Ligand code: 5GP
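Only one chain is shown below, in structure tokens, and it's the form predicted alone.
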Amino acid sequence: MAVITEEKIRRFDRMVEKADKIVISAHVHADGDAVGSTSALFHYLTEIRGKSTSVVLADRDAGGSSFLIPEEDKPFFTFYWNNPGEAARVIAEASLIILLDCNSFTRTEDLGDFFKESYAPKVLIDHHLDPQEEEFDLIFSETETSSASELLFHILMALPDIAGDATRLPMQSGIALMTGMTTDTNNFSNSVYPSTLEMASILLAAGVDRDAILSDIYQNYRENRLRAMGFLLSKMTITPEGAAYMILTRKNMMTFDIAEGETEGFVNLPLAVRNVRMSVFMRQDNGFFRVSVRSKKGTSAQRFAATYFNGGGHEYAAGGRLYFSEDISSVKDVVSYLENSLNEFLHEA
């Protein structure tokens, strides 16, 4: 992987060695890749390097990846949403900051200003477009990789204390890396490269139990999630242009008692339909709708999200937001805005 040069690995190794207190973070509304990559790096830094390490995230982790933060690790994970003072203190004391799975500190939302104000050296490990280079002292950025977890895997394997031997990684790091990659590829259904399969093979050979991971990810949901999924599929709209969309309002979320993270993966479901080339899932939040977009080859989810939803991402997997007052006046306008956007975009495509 060209982005992982010997010089960068030496610099990263020296930065870790010099640091007394390391803080790791990732994007707001952390998904499986964000939690997987931060958890994997946390275990490497604490168990292999013996470093005092904390993970600071803006809010709760996605429900499907909560198994990556067992009870004994929870004291080292701080969430700004319920402990802002502690999050600010931990960041202020950091002598090295490492950001994973997002291209800018802005994507950490409430934490962003604390990170920017810190004088600690800053490292980025990410697979999204347009990294904000001015914010970081060292950058590992590669879009042609499945996930931040995969990119981190190759970095760790290149470090002198691992030296290409995955059995030297803490087992919990291997589990977290496999989890992050699996969720971000939707279980090998998108953004899979030769290096992705190589990573999976190496981790399996090192003893990572992929069957157990799949059980934790896909067979551990509450009944509420399936009820909500069935409701959304029954209301799904498929346009003549080949787009499918589903909208989850605050009222729907209350009806089904849907928690943060429990809608992860819903956007992928309509792509099972032969004629659907793009899927859009919208979930109402405070003052805006969260928008997830997935597409099949030949249709750009990234361009659609950037053009109409203040967002971006990867070619076939992207996201954004639709704001009240700025983009639409009220909830009742969301359908017309979405349908007009889809019609315009897909007729141009």
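We number the residues from 1 along the sequence you see. In this text, all values refer to a predicted model and were calculated from it rather than measured experimentally.
Another form, the form predicted in complex with the ligand, is not on view; read the next lines as being about it.
Proximity of I48 to the ligand in the predicted complex falls outside the 4.5 Å heavy atom cutoff.
The shortest heavy atom separation between K122 and the ligand in the predicted complex exceeds 4.5 Å.
Contact check for A317: a non-hydrogen atom falls within 4.5 Å of the ligand in the predicted complex. The shortest heavy atom separation between H43 and the ligand in the predicted complex exceeds 4.5 Å.
Though the ligand is absent from this view, in the predicted complex it lies within 4.5 Å of a heavy atom of just one residue from R277, H154, H128, R225, which is H128. Checked against the ligand in the predicted complex, the candidates S295, T53, S65, S292 yield a single residue with a heavy atom inside 4.5 Å, and that residue is S292. Residues of 155 to 189 are not found to place any heavy atom within 4.5 Å of the ligand in the predicted complex.
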